[in-house]
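Just one chain is shown here, as structure tokens, and it is the form predicted alone.
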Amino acid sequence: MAGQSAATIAKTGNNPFLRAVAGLSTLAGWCAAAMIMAAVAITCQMIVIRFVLNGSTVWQTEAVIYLVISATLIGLPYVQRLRGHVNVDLIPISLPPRARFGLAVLTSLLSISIMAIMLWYGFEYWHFAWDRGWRSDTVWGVRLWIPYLAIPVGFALFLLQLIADFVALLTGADKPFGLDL
């Protein structure tokens, strides 16, 4: 039976670090939303040019693809802050408080480790594109370091939000898995 999770938005308390990260994550969410809106506007413009004016498009499809992928990556910390990622809370709900806390610490550390690795390789990939002057193989020929910048920025912001969640867990500003059970 499907139901609504009891988890809520990540709490910050009066901790300035947690509040600053929450602000950054919210800003990232607004930027991601703006990228989605820009992608929709460009798609509409492309439809008018192609099907109403019977013209050709050069940059629109590629721009929309890069914007949607960038919005996905830049939006990661905001979704984490809202506890919007896929969550199976059957095990945490059934555990006693002490074991739930231990599981939350373990999953937080694993998540932070994985995102740190993703950030490392994402930065390396972006740097290759920037250092070697990679360009797309299209007529537009966009310098790929520009859209690839979303990879390290998105993972860095997501990692920062995960670290903030971990700090909130350790300081008691937030409950394990956001559950008040």
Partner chain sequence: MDPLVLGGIVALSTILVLFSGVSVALGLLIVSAGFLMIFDGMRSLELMPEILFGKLDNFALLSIPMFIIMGSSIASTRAGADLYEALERWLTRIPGGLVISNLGACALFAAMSGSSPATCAAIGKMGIPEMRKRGYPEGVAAGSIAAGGTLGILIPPSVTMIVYGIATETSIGRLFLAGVIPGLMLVGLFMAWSLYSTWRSGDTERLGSGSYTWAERFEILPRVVPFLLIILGVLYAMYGGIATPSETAAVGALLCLLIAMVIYKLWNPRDLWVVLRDSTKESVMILFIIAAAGVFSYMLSSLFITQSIAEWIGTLDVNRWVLMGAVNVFLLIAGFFLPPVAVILMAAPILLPIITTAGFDPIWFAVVLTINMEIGLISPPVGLNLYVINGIAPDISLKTILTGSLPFVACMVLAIVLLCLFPGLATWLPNLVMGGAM
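Just so you know, these numbers come straight off a predicted model, no measurement behind them. Positions refer to the first chain, counted from 1.
There is another form of this protein, the form predicted in complex with its partner chain, and it is not shown here; the text below is about that form.
S.K.: Heavy atom to heavy atom, is V68 within 4.5 Å of its partner chain in the predicted bound form?
M.R.: Answer yes; at least one heavy atom of V68 falls within 4.5 Å of its partner chain in the predicted bound form.
S.K.: Closest heavy atom of V153 to its partner chain in the predicted bound form, within 4.5 Å or not?
M.R.: Judged by the heavy-atom cut-off of 4.5 Å, V153 is well away from its partner chain in the predicted bound form.
S.K.: So in the predicted bound form, does H85 come within 4.5 Å of its partner chain, heavy atom to heavy atom?
M.R.: Yes, H85 lies within 4.5 Å of its partner chain in the predicted bound form.
S.K.: Taking the shortest heavy atom distance, is W130 within 4.5 Å of its partner chain in the predicted bound form?
M.R.: W130: no contact with its partner chain in the predicted bound form.
S.K.: Can you tell me which residues in 24 to 59 come within 4.5 angstroms of its partner chain in the predicted bound form, by heavy atoms?
M.R.: G29, W30, A32, A33, I36, M37, A39, V40, T43, C44, M46, I47, R50, F51, in sequence order.
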